[in-house]
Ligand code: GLC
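Only one chain is shown below, in structure tokens, and it's the form predicted alone.
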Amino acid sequence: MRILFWGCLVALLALSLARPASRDSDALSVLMEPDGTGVWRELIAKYNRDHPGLSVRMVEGPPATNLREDLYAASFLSGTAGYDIVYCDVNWVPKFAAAGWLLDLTGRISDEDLRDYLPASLQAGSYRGRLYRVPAFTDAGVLYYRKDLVSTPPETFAELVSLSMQYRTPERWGFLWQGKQYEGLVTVYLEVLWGHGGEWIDAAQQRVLLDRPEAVRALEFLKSTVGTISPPGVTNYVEEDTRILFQSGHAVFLRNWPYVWTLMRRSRAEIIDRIGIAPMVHAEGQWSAATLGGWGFAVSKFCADPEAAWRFIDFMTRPEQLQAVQRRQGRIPARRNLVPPEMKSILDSARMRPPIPAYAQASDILQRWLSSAITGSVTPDLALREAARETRLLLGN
């Protein structure tokens, strides 16, 4: 019923937000995130001034990534060019490409640009060896810490817990993370899972690996932090909740994304001189891994003028435009030369989420059971056994 409800809602939103721009107007359209800084409007206006002829029109969608994904999908399913250019999250590529909704862009990027793009970002834009999305920005999970309290950042989960307990006070928690039932919870769990040597889905063999000891240990760790080193309300926190608390001095450690660093520096908060950046922790004998995120541009197969769409994508992924967004929004460009030095080692360890067409459904399953476990409704072992069972059914195993 939940899926049916959202499907109907998204269809209505698609009809209200997206008119077939390529058929009924002289502009190509692209659905974007809310443009709070105005930088996207400025860049698109610049492109339209510099490229007379077929212009580009931006449609501002809802802030939730999954709702914009659903709006794109609803448009494609209608068989119209509601959106010609796709501002595409890393997780959308397998689903959209497998459905035949994106044009193959293999061979469009010059050798010089291919060498400049981060390999993981290029891989995240590919499906079955073909490129469907040109990288624009990259993202990865980061561990922020109070370097005025902690001289050397922790490397292991045990060290994180020990330092959190040592420097916790009635006004200051140890460790903040995103525990609400949404995609952010999946990204946090994956970093803890990989840090324990575990896996979620082997995409190549369509194997589900959630009901294994390392996966259970990872979930047990997250659950154990609630009410001890993390506030009880962490099970309802999203990125901004945790950023605001950490920036206000109410935590020793924070797991979040690189945008937090830019916002804290821009705010000139007193705490910025006391903040350090480190990779996410791992278990003894294992390795740190960050969940890869990021955005790029693709071309809808329904696009009225693919060559014009490509000219726009080529313009938007030039260093000048990427740096403009970086200055205003804090996004990290997916080009090697534009990655801040303090983020390079973390991005080098970033890993993709399973590149499967049914990713959204698999994530929904995992979110539900992770949330049930960390809120105490079920045990971690039962939650992961059920998540594994449902995911195997989803993948046809």
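Residue numbers here begin at 1 and follow the sequence given. In this text the structure is predicted, and so the values were computed from the model without any measurement.
There is also a form predicted together with this ligand; it is not shown, and the following applies to it.
Contact with this ligand in the model of the complex, judged as any non-hydrogen atom within 4.5 angstroms, is confined among 195-203, 271-279, 219-227, 86-94 to 86-94. Though this ligand is absent from this view, in the model of the complex it lies within 4.5 Å of a heavy atom of just one residue from Trp261, Phe315, Tyr127, Tyr182, which is Tyr182. The single contact residue among Ser349, Thr65, Ser55, Gln367, judged by any heavy atom lying within 4.5 Å of this ligand in the model of the complex, is Thr65.
Proximity of Asp211 to this ligand in the model of the complex: non-hydrogen atoms within 4.5 Å are absent; the residue sits far from the partner. Using a 4.5 angstroms threshold between heavy atoms, Trp257 counts as touching this ligand in the model of the complex. Among residues of the shown chain, Arg335 is not one whose heavy atoms approach this ligand to within 4.5 Å in the model of the complex. For Gly294, a non-hydrogen atom is located within 4.5 Å of this ligand in the model of the complex, even though that partner is not displayed. Residues of 317-355 that come within 4.5 Å of this ligand in the model of the complex, judged by any heavy atom, are Arg331, Arg353 in sequence order.
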